[in-house]
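Here you get one chain, nothing else, as structure tokens; it is the form predicted on its own.
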């Protein structure tokens, strides 16, 4: 998407949205929000003739997207949780065409609250306790959703393979395609996962796919929104749990996953909220899987940068620092198994 077309975007947007709402609207602000590698995000404020204001978020598909994700997946996930204990923004519109705004897009109401970087240890201070209870409880709520729900049943779920295998195969394929070298520690982690698979889940659920600190909005001591559902899929709820627990998201305090509350307390809150009893060895498998999936994402980012498809500096940083951290965690897990 060229910068040229971005210059015209505000005027294109206001004419589309005026027609959509059948109102005469004025644009008060239109700003790009940076972060996230798969969608361009814009924060927008409009006003109608009566002076009533509305705050919106526009998510537009980028040509160069780090992980190939479908916009309709994200839209379906948001739609499935409207009016539930999982806080999500109200959806306004989705368009798959490129004519309206130059690329497929989704439009939603803007929620109150801010996001924090997953790499800032005291981002949630002094509200870690209250936010932590909500964070792990909401993750349990996500897994309670009936997968026959009319939104969720639209997810592509055509694999005959067990959950663990279809996910592992998918990310190993990304690693094979985008790696510029062989990484022995990563290969050892992958071998371990194939040799010692987990049991099939007690119940399949919708998996968020990137549930972690940094992907929720909060205002003081309240979580106001769970964001970034573009990797949502049907699978094992332990996959989300393993990802959220990964030490990469709380590197400077590994006893407090997501820099919120103590690991044991987090697990018992999740168990009571999801009504699923955790099998420790299965969770261990998904925690190692989280590192492999993380490595696939960092390797993919490095490939985007190296090939010039997307030279955002975050794609240079990703395979370097997070990549090193995840390799170290894989090594810790494999060494732990030896003892």
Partner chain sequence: MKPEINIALMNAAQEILTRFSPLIEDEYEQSRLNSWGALILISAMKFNQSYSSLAEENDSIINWLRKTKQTYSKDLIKEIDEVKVEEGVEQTILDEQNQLLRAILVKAHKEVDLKEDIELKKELLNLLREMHSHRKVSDLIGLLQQADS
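For clarity, every value in this text was computed on a predicted model and none was experimentally measured. Numbering follows the first chain given and starts at 1.
Only in words, not in the display: the form predicted together with its partner chain, which the text now covers.
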query: Pick from 286-294, 273-281, 44-52, 24-32: which stretch has a heavy atom within 4.5 Å of its partner chain in the model of the complex?
result: 24-32
query: Just one of 178, 183, 141, 93 has a heavy atom within 4.5 angstroms of its partner chain in the model of the complex, so which one?
result: 183
query: Does any heavy atom of residue 203 come within 4.5 Å of a heavy atom of its partner chain in the model of the complex?
result: no
task: Indicate whether residue 171 is a 4.5 Å heavy atom neighbour of its partner chain in the model of the complex.
output: no
Interface membership of residue 146, its partner chain in the model of the complex, 4.5 Å heavy atom rule: no
query: in the model of the complex, does residue 188 have a heavy atom within 4.5 Å of its partner chain?
result: yes
